[in-house]
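Take a look at this single chain in structure tokens; it is the form predicted alone.
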């Protein structure tokens, strides 16, 4: 069965490659990009930005504290420019953290929330948006139009990038998939979605610059934590734990590969 699926996948990839030359003139892609451009002018993500700012500044939790002393890498309370420099190494925990993971850490340590409770339902669905998603949307918005500069100066940051690269290319599961199966070659496509090659510097930013993103088909805001988790689900892999080392490593790999490009999020997704 696995061999037949691989054959089917090869056929799909061949068809995708054959249509690559027409990708720029594909009517469906062009129409959607026009629609996206219109929607960006009134992106509903702004609603989550406002909510996130309120959550950042409001005293909450068992410790009745705000997040205004949360250090996202540029000093306590500094949010401007922080998102484009994450993931990064934090000396207080001795490890690398991405934006959402660090925010959750601050909610636990500064406000007294339970990580276990947060992790029970960490992703947006229906009318439900977890607080960390709103907060990370607010934080991300404070880096809009800034250049991505995910650091690699600390040995653990470099080791995390290497781990992320290994995870990205690791093939396993019932379909023998990896992240690179969809995002490691030019010319691949799923339905009307052209798939960027994240291993190339000019395409890598598409994994980073538009997140967090408002998903039009669901009417909800999603963060990169959700996007990575959902990719594992689609590969039929066991889904990683929320705010895990695995997700941080992948986000480090993709973030560093995007360095030097201008961050345009929070964005809007299909």
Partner chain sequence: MKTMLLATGVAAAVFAGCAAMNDDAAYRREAAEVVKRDFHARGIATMDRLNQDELQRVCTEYDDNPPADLAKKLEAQQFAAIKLPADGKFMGDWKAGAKLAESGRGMTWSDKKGAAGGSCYNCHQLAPQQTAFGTVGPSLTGFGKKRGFSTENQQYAYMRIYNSKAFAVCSAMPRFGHSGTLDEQQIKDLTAYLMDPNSPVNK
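This structure is a prediction, so every number in the text was calculated from the model and none was measured. Numbering follows the first chain given and starts at 1.
As for the form predicted in complex with its partner chain, it is not shown, yet the points below apply to it.
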Against its partner chain in the predicted complex, would residue 162 count as a contact residue? Criterion: heavy atoms within 4.5 Å.
yes
So in the predicted complex, does residue 111 come within 4.5 Å of its partner chain, heavy atom to heavy atom?
no
Can residue 177 be called a contact residue for its partner chain in the predicted complex at 4.5 Å between heavy atoms?
yes
Wondering, does residue 171 line up within 4.5 Å of its partner chain in the predicted complex on heavy atoms?
yes
154, 147, 188, 105 - the one with a heavy atom within 4.5 Å of its partner chain in the predicted complex:
188
With the partner left out here, if you bring back its partner chain in the predicted complex, are 233, 237 and 240 all within 4.5 Å of it by some heavy atom?
yes
